[in-house]
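Only one chain is shown below, in structure tokens, and it's the form predicted alone.
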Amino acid sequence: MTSVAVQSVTLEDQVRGLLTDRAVVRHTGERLAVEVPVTDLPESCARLQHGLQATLATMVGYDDRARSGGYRLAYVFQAPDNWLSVEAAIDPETAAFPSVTPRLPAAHLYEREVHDMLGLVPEGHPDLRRLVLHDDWPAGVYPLRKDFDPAIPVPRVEGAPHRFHHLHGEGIVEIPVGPIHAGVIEPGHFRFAAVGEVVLHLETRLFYTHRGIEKLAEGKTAAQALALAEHTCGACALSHAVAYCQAVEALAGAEVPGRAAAIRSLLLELERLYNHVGDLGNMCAGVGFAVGASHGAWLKELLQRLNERVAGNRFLRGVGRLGGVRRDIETSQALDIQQTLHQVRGEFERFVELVLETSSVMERFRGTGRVETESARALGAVGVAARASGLTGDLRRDQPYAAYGALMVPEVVQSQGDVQARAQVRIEETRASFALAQQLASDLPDGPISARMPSLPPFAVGLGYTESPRGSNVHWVRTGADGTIDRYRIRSASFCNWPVVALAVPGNMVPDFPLINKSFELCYACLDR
């Protein structure tokens, strides 16, 4: 009897089988990078997405004129078992490339952003209005080009007003809301086209408080840029810090000690808990259910006080460190975590019972703000927004990082895609996070909490990612000749999900918008960066 050796088909084999001979495949650490002629970008991205069941995780444009003589683009995909990027060089004379958006709608905001910030033109893009830069920004000034000096003030100009999409017809009225709001929230403009109280169309105008984090990171050491990373977002500060650290650690080939990895996972679950509990309370506020809003706010406060006792900061800032964490968790603190979570979990179940058994609340939740599965997939929805619409992605389980490889992260999915589904996903994920955090706190491994960081290699790319309370965050870091940061790209969960909000509102009543918006609970700051 003869045995036949069966050779498994590798990701590289699959990629080569999907693309033409013009594609050059190379290994960059744990990822595959596929170099294609710029004319092949749309077809290559579409083939890989459909052939590998991959999702577009981020897209990066950068000014490489000093090294290669041109600009470069990298479309980064998450495949089921790995990450890969489709890359192309852009001629600086034309500064143009064929848009991928008609083939992959999820690329639309990325390409508008690269148009604003680098002056690269995605030819064939269906909507090239300004996205990041507002009306008073002068034409021909591109902040992410290397010859842009952020120390020189940019003169403001009289620009044409933003072109909103207008609906015309009998009985149609436009209702502008914002950008300044009555609540203590960040600015964002929402323009409704409605007949009576029924919304026909919603258009958002964001990016009012851009901070230039990615530009500020240029020339910084990796350690200096960490402070920028964790200030990307207030509510997901640790998620962004850990994603950035993991990108740099991948660049350096650094091995994070087991105890540090476990502490990262534990604190990330505490971050998820206070966000999810607070978000459920905010959803109650969206329907005027004051007792539910108060209960959610109280539970969030208990969890944030725990954060401060354990990590020294209510928002878990100052914890991340390249190669590990800055603060250890003592035995008494681990016990405090277990006891507090036990108490809060009991109160959380009473809160959930209160919400789910209040018929007036559930009537507002049920069927409101629906997003179909295919729409969520096409727009690249992530996190709760995706899982409430039938998509299963969760990086903690699909691409484990920190200590998640040793944990059982349950699959929490709903199919209705409405406010009720997004509430139910949060409820089930909160229950899972209580259990995960209790497990981690009760069994922290011994050992150091950080490792020495080697020097960073020049002109190398690292990718880091976390599953934040709002969905996946992806941080892309490229070094320069001296090992400092040459290009830093932050893709937050909110960047993917804001277009989904605009899709969820039409067909609902105008008073439903606050509830729908709160059911996504997106961040303006980490979109704006």
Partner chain sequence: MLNVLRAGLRMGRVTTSYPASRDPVNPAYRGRPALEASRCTCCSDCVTACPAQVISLVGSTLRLDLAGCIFCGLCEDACPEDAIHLTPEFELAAENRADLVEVWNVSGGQAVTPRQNGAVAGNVIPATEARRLNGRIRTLLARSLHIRHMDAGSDNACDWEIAALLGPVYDVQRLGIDVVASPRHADMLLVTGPVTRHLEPALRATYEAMPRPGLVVAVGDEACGGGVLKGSYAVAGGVDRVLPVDVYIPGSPPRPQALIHGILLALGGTQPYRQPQTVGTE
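Here the structure is a predicted model, which means the values were calculated and not measured. Residue numbers count along the first chain shown, from 1.
Unshown form predicted together with the partner chain; subsequent notes refer to it.
- When contacts are defined as a non-hydrogen atom within 4.5 Å, all of 117, 354 and 523 contact the partner chain in the predicted bound form.
- Contact with the partner chain in the predicted bound form, defined as any heavy atom within 4.5 Å, is confined among 249-257, 303-311, 421-429, 168-176 to 303-311.
- The contact residue chosen from 321, 396, 103, 112 relative to the partner chain in the predicted bound form is 321, the criterion being a non-hydrogen atom within 4.5 angstroms.
- When you look in the predicted bound form, the only residue of 145, 342, 211, 162 with a non-hydrogen atom within 4.5 Å of the partner chain is 211.
- Although the partner is absent here, residue 363 lies well away from the partner chain in the predicted bound form, with no heavy atom inside 4.5 Å.
- Put simply, residue 470 is close to the partner chain in the predicted bound form: some heavy atom of it is within 4.5 Å.
- The partner chain is not shown here, but in the predicted bound form it comes within 4.5 Å of a heavy atom of residue 298.
- When the partner chain is considered in the predicted bound form, residue 389 lies well away from it, no heavy atom lying within 4.5 Å.
- Contacts to the partner chain in the predicted bound form (heavy atom within 4.5 Å) from stretch 129-156: 132, 133, 134, 136, 137, 138, 143, 148, 150, 154, 155, 156.
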